[in-house]
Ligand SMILES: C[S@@+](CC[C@H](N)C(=O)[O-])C[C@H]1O[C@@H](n2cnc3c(N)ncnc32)[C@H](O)[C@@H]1O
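Given next, in structure tokens, is a single chain: the form predicted alone.
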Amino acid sequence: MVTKKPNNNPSGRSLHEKVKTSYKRTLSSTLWLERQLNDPYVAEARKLGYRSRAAFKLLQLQEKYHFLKEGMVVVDLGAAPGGWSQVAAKIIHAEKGKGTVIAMDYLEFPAIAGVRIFQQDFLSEEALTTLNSEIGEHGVDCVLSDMAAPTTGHTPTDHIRIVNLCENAFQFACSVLRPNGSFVCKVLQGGTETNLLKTVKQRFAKAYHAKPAASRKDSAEIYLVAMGFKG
């Protein structure tokens, strides 16, 4: 399936829609809302029934690297509101019982066909116990992580926080992946992501940094895609 960039005007609205300021809304909130209203991926996500525009990021990464296949067992960390779980479940045919998606987030989100959802904080011991119990001794084929820590506005701090999440997800992936399994994780550009990539390459046959078209150009987010887990 080819995932094309949505049309610039998929919703039929004017090409750029302005949002009026309000005494109840901050300037940053107004700018965010305006960007959402004028984002073709947001409109296309609504049209196709995806929970978020982030679904297109996973679709575009999958289109390039093909790490998801029918019948796989997949873990989706930081899954809310469910866009990545929706995409993964569809590709592996989880809704037909041919694969399984185990999704976790500390935020609650509605059920998805073929997805087992757990509302827990991945960084807690209880969450790891839950995941290991669900996975069992057979392991998983792919670990996805679109986790992001709440931003502080201080770029170096935000970078360190998200790299820490990625490192935790990587350690978890190494503990549960089957041989030749895959790991896909969001990280921010800022310097230390290169060191993380070098570490990941020691455990996987192939590892790359990638920025899908659905990632906003002004965003520092990139994705680490690792395939061929060495065990």
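Here the structure is a predicted model, which means the values were calculated and not measured. Heads up: residue numbers just count along the shown sequence, starting at 1.
Keep in mind the form predicted in complex with the ligand is missing from the figure; the text below concerns it.
A heavy atom within 4.5 Å of the ligand in the model of the complex is found for one listed residue only; from V176, L188, L196, L165, this is L165. Residue in contact with the ligand in the model of the complex (any heavy atom within 4.5 Å), chosen from V115, A80, I91, L131: A80. Although the partner is absent from this view, S52 contacts the ligand in the model of the complex, with a non-hydrogen atom inside 4.5 angstroms. The closest heavy atom approach of A111 to the ligand in the model of the complex falls outside 4.5 Å.
Though the partner is left out of this view, D121 does reach within 4.5 Å of the ligand in the model of the complex, counting heavy atoms only.
Of the heavy atoms in C142, none are within 4.5 Å of the ligand in the model of the complex. The three marked residues, D158, A220 and L224, fail to reach the ligand in the model of the complex, with no heavy atom of any inside 4.5 Å. Look at 67-75, 145-153, 94-102, 132-140: in the model of the complex, residues with non-hydrogen atoms within 4.5 angstroms of the ligand sit in 145-153.
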